[in-house]
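Below, in C-alpha cells: the form predicted alone, a single chain.
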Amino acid sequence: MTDVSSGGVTHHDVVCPFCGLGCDDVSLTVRGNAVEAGEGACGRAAALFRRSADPAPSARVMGREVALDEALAAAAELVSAARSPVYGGLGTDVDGVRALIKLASKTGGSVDHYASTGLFRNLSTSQRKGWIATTLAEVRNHCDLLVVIGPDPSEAFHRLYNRITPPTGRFIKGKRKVVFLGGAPSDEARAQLEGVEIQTIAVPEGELLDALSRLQGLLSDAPAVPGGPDLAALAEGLKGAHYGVLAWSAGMLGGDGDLIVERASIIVDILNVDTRAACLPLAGRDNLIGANQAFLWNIGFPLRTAFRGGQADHDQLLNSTEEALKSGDLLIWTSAFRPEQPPAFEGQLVAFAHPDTIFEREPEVFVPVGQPGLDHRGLAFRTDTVVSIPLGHYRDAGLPSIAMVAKGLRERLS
C-alpha cells in the first residue's frame, strides 16, 4: 500500500532485508532519491534504509569517475589477469548470488559471505549429527519455554522478541517463560518481553560449554557435577515444557561456538524422547541464508566453495575469505545491503558495493550498486531457512543491481 502526498510517497508493509528476521511491516517515505524509514523499522534498519537527496555517485577506475561500461571493461581486464581471485562479501539478493556463482565458475576463485562464521558453526553440527530445528512461527505459536544460550541475540536481531515471544501463543496454555543462560537481556529486549516471565542464569566467562554439559547430565539423570550455576530448576522446566526451544546466535558464541551449538542440539535430542523441543539457530544477516541456499541449489555445496579447473571444491576453512586472501591476488567485493568495508588486502580490489562504502584505499574499480528491497526487486531468505521474502522496488536512483553488474562483467570476459 502507498500514500502519495506533497511530501513524497510513503510505502507501507515494506520488507526489511537486513538481519534475517524478515520484518514486513516497515514504512518508507521516498522523495526523489531521499529515503526515510518510519513505523516498524528498528534503529539499525532506519539507518540502513536512510538515503540523502544527493544523486548517486558514478563508477570509478583508480579514483577517476567513468561510465559503467568503462568500469566493467577495466574490471574484466583485472579478472582476466588474476591467478587466484577471491569473491568476498556476497551481500546481495538471490539473483545477485546466482550471477556471482556463474562469474566465479567462469573465472575460478573462492566464494564466501562476510557473515558466514556463525553459519558454519551451525552447519558443523548439522553436518556431523543433524538436529531438530524450528521456525519463527512455531516458536511464536507453540513455545512455552525459550532458553537463550549465550549473548542476547537481539543485539543483532533487534525485533526478535516482538516476533517470537508475545506473552501468549496460539497453542500455549499459561504464561510463556524466557530463560537467558550465560547472557542478559538488554533494556530493549526487556521492553519487548513485557508480560513474559524472564529469568537470567549467570555463567562465568568461558564456562558456557561446561554449563550446557551439566544441563545435559541433569536431563539424562546422570550424577550431578559440582560447581557452576544451579541448573536443576532449568532441567526440570525443560522436562515439563510442552515445547521447549533452545535459541542462539552462533556468530556471538566465541571460540567454543561450534561445540556449544553441538551440546545444545544434543540437549534437544534428549528432550524429544519424552516431550517436544527444538533448536532455533539464528543467522542470516544480509541474505546469508539465501546465499547459502543458492549455492546448494546450483552447486550442491554450501558457501566457502572454490572453483578450480572446472571443478567445485568446498572447504570451510581454506575457502573462507580470510584464508583465501593469503594466496589471492584479486578481491572482488560485493556488498549491496550496507556499506560493509572489505577486509584489509594488499592485492587489487574490484568493489561492487553500497554507494556509501568507505574504503581504506581507493579500489582499482568501484561500481556503486543498488540495494535489494529499495533500488530494485529481489528475493532473500529468512533466518529459519524456510521462508523466502520478496523485496520491493521503491525508488529509481540509477544504480544497477549486483546481478546486472556481475552479468555484464561475465559477458566481457573472453
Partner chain sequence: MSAVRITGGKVLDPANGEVGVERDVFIQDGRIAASGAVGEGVTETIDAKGGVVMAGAIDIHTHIAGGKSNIARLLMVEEQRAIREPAGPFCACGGGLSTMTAHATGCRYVEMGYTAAFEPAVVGANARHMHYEMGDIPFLDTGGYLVLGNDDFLLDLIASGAGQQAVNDYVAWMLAATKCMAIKIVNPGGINAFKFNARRLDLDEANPHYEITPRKILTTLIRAVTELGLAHPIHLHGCNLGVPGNEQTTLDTIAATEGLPLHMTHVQFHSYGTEGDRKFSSGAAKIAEAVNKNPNISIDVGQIMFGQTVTASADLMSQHRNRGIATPKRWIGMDIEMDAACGIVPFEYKDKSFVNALQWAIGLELFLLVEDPWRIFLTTDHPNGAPFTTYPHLLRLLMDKPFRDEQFAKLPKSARKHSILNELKREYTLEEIAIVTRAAPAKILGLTDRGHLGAGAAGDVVIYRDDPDREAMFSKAEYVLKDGRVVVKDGEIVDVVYGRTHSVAPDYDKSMDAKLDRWFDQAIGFKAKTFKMRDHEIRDGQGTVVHATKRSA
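Numbering follows the first chain given and starts at 1. All figures in this text were calculated on a predicted structure; none of them were measured in a lab.
Keep in mind that the form predicted in complex with the partner chain is not shown, yet the notes after this line are about it.
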| item | value |
| --- | --- |
| Stretch in contact in the predicted bound form with the partner chain, which is absent here, among 188 to 196, 256 to 264, 329 to 337, 297 to 305 (heavy atoms within 4.5 Å) | 297 to 305 |
| Triplet D24, E138 and R170 all within 4.5 Å of the partner chain in the predicted bound form via a heavy atom | yes |
| Contact residue in the predicted bound form, chosen from S105, Q216, S320, Q341 - any heavy atom within 4.5 Å of the partner chain | S105 |
| Residue among F180, Y243, Y114, F157 with a heavy atom within 4.5 Å of the partner chain in the predicted bound form | Y243 |
| 4.5 angstroms heavy atom contact with the partner chain in the predicted bound form for A397 | no |
| Exercise: P204 in contact with the partner chain in the predicted bound form, heavy atom 4.5 Å | no |
| Exercise: G227 in contact with the partner chain in the predicted bound form, heavy atom 4.5 Å | no |
| Any non-hydrogen atom of V15 within 4.5 angstroms of the partner chain in the predicted bound form | yes |
| The partner chain in the predicted bound form - contacting residues of 114 to 133, heavy atom within 4.5 Å | L123, S126, Q127, R128, K129, G130, W131, I132, A133 |
